[in-house]
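Take a look at this one chain, the form predicted on its own, written out in structure tokens.
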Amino acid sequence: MNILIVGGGMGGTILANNLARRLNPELKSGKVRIIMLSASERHMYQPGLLYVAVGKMMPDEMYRDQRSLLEPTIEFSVDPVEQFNLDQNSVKTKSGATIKYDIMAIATGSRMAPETIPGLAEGAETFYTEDTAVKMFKTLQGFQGGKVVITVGVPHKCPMAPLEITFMLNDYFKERGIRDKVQLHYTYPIGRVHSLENVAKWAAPEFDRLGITYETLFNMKEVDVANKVLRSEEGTDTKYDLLIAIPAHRGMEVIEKGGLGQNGWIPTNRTRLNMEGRNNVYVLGDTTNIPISKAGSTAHFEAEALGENIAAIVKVGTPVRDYDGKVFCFIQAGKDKATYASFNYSNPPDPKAPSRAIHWFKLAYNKLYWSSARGLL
């Protein structure tokens, strides 16, 4: 039996390692093969991009060799899929190879799409790639004061990123001694400062306390780069001296062009995580269209549920559990304080007051991530 995992990010890596341990006897006997196809030989710790953008982490600290994170029984190739042939239970790769599967898990991730808003790519700084995070930091270094607008499109990767970058910018300018010369202004597309109601109820008073202004029901329409004006679909204008954007995201192009899902999001059963209409194709992480957070922890918990289920299918012919929508997100609330949001399909988050202890736990997780990716945490 061939188990094919497409994508070597957080979800794909944890799932592959989980399966390799659960199916060790079947792998040794040759009954099962686990094949991973990735677009890169390097694995990036994506939450590190926030820290790169404010000079708290160097880019090379975010990477490990992907092969080093995988159990030795996993067959790993840097040969990204270019075509999915679901009716034939096969994929075609960049090298021209055709790979057959009995079970496939798709974990191809997502990409920011600033080009969907006129002027946004040219007029705003972002932090969702290494290059843009480094560029943002260099821009911040040269910034001497004025109005900084943080604007948010949806959906986007990491639900807490807009809040975190806002708090981190507040600290960055304080550390440089120019916070009194900077107006921080935050916009959000719905009628509160975050999509999760309890998170919004916690964050808005924090913004007020720090002197951060905000405008809700602000959906980006266009950026007038020449005049430094951000316009909304609702008809309001916001001038800026520096624009920081969390652009809307889309699924990867191979998914979008292959017609597997609108905007690259694959229709996915929210408890079994199979692709709708396909019993042997599973989806996890950012690639799903499930309306929950596109976060590393989401991929982590989905991978654990899928690992248990796929192993059970191999061993006894049926899955054994449901994914309950579990998500856990740290929220950096300043240079020495953090809180967290933990929730699932049935229970909304209830963030507690930020503390130094949670901040240190978040920093520790930055180091423990690599053990987590190997499925050891």
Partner chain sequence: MAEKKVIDARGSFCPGPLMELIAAIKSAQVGDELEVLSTDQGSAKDIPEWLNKVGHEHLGTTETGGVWHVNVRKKK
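Residue numbers count along the first chain shown, from 1. On a predicted model such as this, the values are computed, not experimentally measured, just so you know.
The same protein has a further form, the form predicted in complex with the partner chain, not shown here; the description that follows concerns it.
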Check: Among 172-180, 124-132, 90-98, 185-193, which stretch has residues with heavy atoms no more than 4.5 Å from the partner chain in the predicted bound form?
Finding: 185-193
Notebook entry, point to check: Applying a 4.5 Å heavy atom distance criterion, does residue 248 contact the partner chain in the predicted bound form?
Noted result: yes
Next item on the list: Classify residue 219 as contacting or not contacting the partner chain in the predicted bound form by the rule of any non-hydrogen atom within 4.5 angstroms, answering yes or no.
Entry: yes
Checklist line | residue 348 within 4.5 Å of the partner chain in the predicted bound form, heavy atoms | finding: yes
Margin query: residue 261 versus the partner chain, in the predicted bound form: is there a non-hydrogen atom within 4.5 Å?
Written below: no
Margin query: By the heavy atom within 4.5 Å rule, which residue out of 205, 72, 291, 142 makes contact with the partner chain in the predicted bound form?
Written below: 291
Item checked: in the predicted bound form, the one of 45, 330, 51, 343 near the partner chain [non-hydrogen atom within 4.5 angstroms] -> 343
Notebook entry, point to check: Out of 136-167, which residues reach within 4.5 Å of the partner chain in the predicted bound form, heavy atoms considered?
Noted result: 154, 155, 159
